[in-house]
Ligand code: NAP
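First, one chain by itself in structure tokens, the form predicted alone.
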Amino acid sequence: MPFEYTKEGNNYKYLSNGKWQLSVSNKFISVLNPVDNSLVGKIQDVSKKEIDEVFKIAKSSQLQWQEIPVNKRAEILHKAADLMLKNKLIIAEILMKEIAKPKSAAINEVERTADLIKYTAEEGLRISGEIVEGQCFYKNEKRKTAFVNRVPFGVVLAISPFNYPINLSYSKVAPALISGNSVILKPSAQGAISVIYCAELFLEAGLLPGVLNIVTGNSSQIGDYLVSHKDVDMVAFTGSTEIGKRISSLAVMKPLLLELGGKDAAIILEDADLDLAVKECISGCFSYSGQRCTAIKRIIAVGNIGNKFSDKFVKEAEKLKVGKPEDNSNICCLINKKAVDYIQELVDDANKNGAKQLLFKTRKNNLIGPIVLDNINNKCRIYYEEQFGPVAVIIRVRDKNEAIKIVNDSEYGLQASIFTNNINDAFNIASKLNVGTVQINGKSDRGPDNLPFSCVKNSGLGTQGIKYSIEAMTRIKSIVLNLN
């Protein structure tokens, strides 16, 4: 019976050496339901001394784990994924409560993550070394043959955000484990309970004790200590650009995989399929209430298409269901009051600086309906700043060259979309956009999880995606044979 060891009353434990433990600090962080502020549970606020012990265990366990054949590691990952699917409704229920994720989206996150883990297990079997023959570049040099292998870094510190706690935790954990690393996972406080439950499934699947560890606590208190710890060999982080920069400054000479903020734009050319563009932009702007790094945060309408697009877009936005997660609403509460207040600030600022408000459903506590702002200009904060909520921003431009300039005139470079029926225009514009990925006739999107997911500028560092994450969590080691 899963989930019987993870808590004591309402107090969820942290995971170290394959055991669920209560912190000696006797300090807890309350996880509240964003919908009604009811208590979902309390998580441990672990001490620095306990963190030291977790690192010691993770370092020791990793040495044993890397000796286990990769096919055996893959079997354990497959079992964990199967258990995740078996318990998907329970996990989805937790996601609905602690991060207000709509029911269908919560179930989808669990299913998607289970598929990712299975694919990672199979991809791990395909990652192999190579043999490189050396050439004689000067006289009397011996013949050399290099046996080149990928080996684990050691202890991977994984830090995940609130919005996709299962997927963005275990998309780090699975590649690290299949590669022979051990993992210390620090989830966001809001979202930690679902992450904890999934970790128990890995233990049930037969994972070696100490290979996967979970520490919880206040990031402002233990975040710096975790990142700068002497026993960290690699850091994988998803979160804000501000925190990503701080991690980069603290993790001196340690490999980093950073997925940070975004200001993804959708360029709508005059020959675009309008129905398709509206459909994709509705989903791109408002899925999970816009609380996604890959949400469409700018719609750039080119030439005369602006009025037609905005009319259709507003009509579709008005149809979105606003309400509770269990009712499968399209838009639910934002994660907390601070998030809603920030959205309100950006909207108020835009209205003061010449924006045209086409839609704004009434705000109630943490719930705010879809917002559509047109005629956004560079005097508005939302022109530059990343909104993390259900706000669609429409910018009107004369031509595609101006659209390209606006996309590139940003501190972020995650993804962009182009909607057009002219394939030459699509590829020509795509080649000029300074982003990690360009979607043609589709919304910006992190998945499928086997595709490369990269970014530039303040949107992050490195490339994710199953194969690429495995490569990022391993290093190349060569053994050179000298031949006479």
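The numbering used is simple: start at 1 and walk along the sequence shown. This one's a predicted model, so the numbers in the text were calculated from it and none came from an experiment.
There is another form of the same protein, the form predicted in complex with the ligand; it is not shown, and what comes next is about it.
Residue among 383, 309, 197, 388 with a heavy atom within 4.5 Å of the ligand in the predicted complex: Selected option: 388.
One residue of 366, 87, 410, 188 in contact with the ligand, assessed in the predicted complex (non-hydrogen atom, 4.5 angstroms): So the residue touching the ligand in the predicted complex, by this definition, is 188.
In the predicted complex, does residue 313 come within 4.5 Å of the ligand, counting heavy atoms only? No, residue 313 sits far enough from the ligand in the predicted complex that none of its heavy atoms falls within 4.5 Å.
Does the 4.5 Å heavy atom contact test between residue 237 and the ligand in the predicted complex come out positive? Contact check for residue 237: yes, within 4.5 Å of the ligand in the predicted complex.
Distance check, residue 259 to the ligand in the predicted complex, heavy atom within 4.5 Å: Residue 259 belongs to the contact set for the ligand.
Are any of the heavy atoms in residue 152 no more than 4.5 Å from a heavy atom of the ligand in the predicted complex? Result no; residue 152 lies far from the ligand in the predicted complex.
Out of the stretches listed (390-398, 200-208, 78-86, 160-168), which one is close to the ligand in the predicted complex, meaning heavy atoms within 4.5 Å? That would be 160-168.
Is it true that 219, 224 and 414 each have at least one non-hydrogen atom within 4.5 Å of the ligand in the predicted complex? Yes, the whole trio is in contact, each within 4.5 Å by some heavy atom.
Who in 55-72 is close to the ligand in the predicted complex, meaning a heavy atom within 4.5 Å? Residues within 4.5 Å: none in this stretch.
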